[in-house]
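Same chain, two versions here, written out as structure tokens and called structure 1 and structure 2.
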Structure 1
């Protein structure tokens, strides 16, 4: 390994700050960030979280001369999953994911970023979703449910997001959601073809221009359709709609689906029934009558973007607690603001780190140790990351979205 120079490059510091790393001088190197960074849970990776603000102050990020060392540095810049565990703990209010995002913006402008992310950015620009699926198929998930297109006068626009609209597994989350909303008599419609990727993941991966384009496309589609309230499946859509789109001219209210579910239960519009054993769990058939009375042990994983970043901890739990026959468990020390990231954020979903470098592998292990049979999530990224881990590790754990569990109980 080449020795990394620490001679300051002031002009580089200036462009990193200009690209958005505005709070780097608040860092006093206490290292609290490192104590909560999910990379510290993986054995194979050394990711010194605390070094980035100082490295940015010195203009010494992704600036090595040597080809191999530079490749390692760029990879490091792309390791941050934007879970914001460090932001939550920092006594000085330094946003390290933001610092790295500033660096990514400069790299992306010059095409100097991981090849696996390039098709994702291209596809969003090309057809409006990271899967590269045609826009006219965006409504296909709702075909059998007769979900209408959004019309003025409807209360909510349901925005399933890209994966629940296209991915065969995630479509079950969208259809479950629609079934629940119909059952509760909620007035809602969808945008279908006019829905575009929210752009949250690629913005965090550094592709600012394509994010801006995606945001403007959605903002004008919502405005033209007369949308006032949007309810979303993905916390990633939620956070960018709620915290970022308003700065770009958006004028609508946004709700995460678990917030609406909880409200509907509170209002008595949804009355979950006893949840019988889930057939997919592969429970043995013996002493059936006894088993049917046992509650299903479900452990809830807080998605970083929903919990830490938007403070929504109680509504998802409130929904689960209101399903009879379901016992809600917690992952001891790694719950609520200390939840361990699935690794899917900020482009992580597409980076495909090797075994030993996957946060999701650690998280599903934590879930299994609680004795749970079901790992409940409220985010399409988490669901994908955890299902991959459960499959590759061959674990007896079912990963389900809260919408799927709720739909089962109605």
Structure 2
């Protein structure tokens, strides 16, 4: 994975620290991070995360001169999905994902990063989204909903994110969100083609220059439109807008959609009705009356970026608990801050891990074991990763965003 027994490369160490690995000397190799890393749950992967700070101290990460050996080291650097479970549990608060992101920045500058990520970076640079879709089509998801472009005086800008704007499956999340907001009488609009990708994924993949382009494009668009409050579907947009954009000059409030949904329910502006059945659950030939009596068992998955990294645990659950006819379950020892990552963060969404190395497979199996019929999510990445696993594993589990469930209840 990395060399630690050869001569230190001090120049590379200094470059890694300058790129963001500022706390590597706090690590005292206790190994607690390895036990909470989601790779620990897979039998096929040995990923000793605690070795990275030491390797960075020696300047011995992705430093091999041989082509094949360097490729293996780069693969290990990009194995981290940025879930920050290690940061949550580290007694010294060492941020290993930041160390690896620093190394990734260096690799991207030299073009030595995974080929599957290069088109993603290029598409965001060229057209503002990772799918390579034309900017003028970014508003198409809303064309049948009569959603206006944002105007000064509107309370919220709704920023659906790239996948809910373009991907056919995830568009259903954006349309459900808009329908709920309209039902509650919320004053909101969208920016359409003026939006760019938030840039979170490519920043964590190491493409810092392209992230800066995306961030400045959005900051300018928001400022020119007079945006004061932004509500987002993706936790990745949330954490970037809230925690990183202010350092680049942004000045607006950010809310994840589950926070706003919960607020609207508490204020009485949303009143969910009985949720008696859901389409495509594949239930046996029970009578409709029986289905109406039995609650739909739903288990909620905490997205790493929303929960562990931003402390938003209760609002999503609060929304689900307020939907009559729904029974909310938990995944035992793997919920809240201990939730297992879907594997989609920090570029993982675009990396093709072989069978036996897919965190999402483990997570959907955990969900199935609760007896749930529906796995509820609050993140487009999680929805995509879990639906892929459900299909490949041929499981009888429906994956739905909270916005979709709430829309069904209204």
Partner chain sequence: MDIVVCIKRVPETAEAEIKVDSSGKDILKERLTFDINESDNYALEEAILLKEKRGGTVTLISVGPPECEDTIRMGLAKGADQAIRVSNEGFGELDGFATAEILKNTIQDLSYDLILTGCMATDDGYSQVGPTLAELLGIPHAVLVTKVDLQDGNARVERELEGGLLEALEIKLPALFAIQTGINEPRYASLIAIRRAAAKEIKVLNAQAIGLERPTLRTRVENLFPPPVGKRAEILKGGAEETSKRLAQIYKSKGII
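Numbering follows the first chain given and starts at 1. Because the structure is predicted, anything quoted here is derived from the model rather than measured. Here the rigid core means the biggest group of C-alpha atoms that line up within 1.5 Å when the two forms are laid on top of each other.
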Of these two, which one is the form predicted alone?
2
Would you tell me if residue 355 moves between structures 1 and 2 by 2 Å or more at its C-alpha, with the rigid core held superposed?
no
Comparing between structures 1 and 2 on the rigid core: C-alpha of residue 369 shifted by 2 Å or more?
no
Superpose the two forms on their rigid core, then report whether the C-alpha of residue 66 is displaced by 2 angstroms or more between structures 1 and 2.
yes
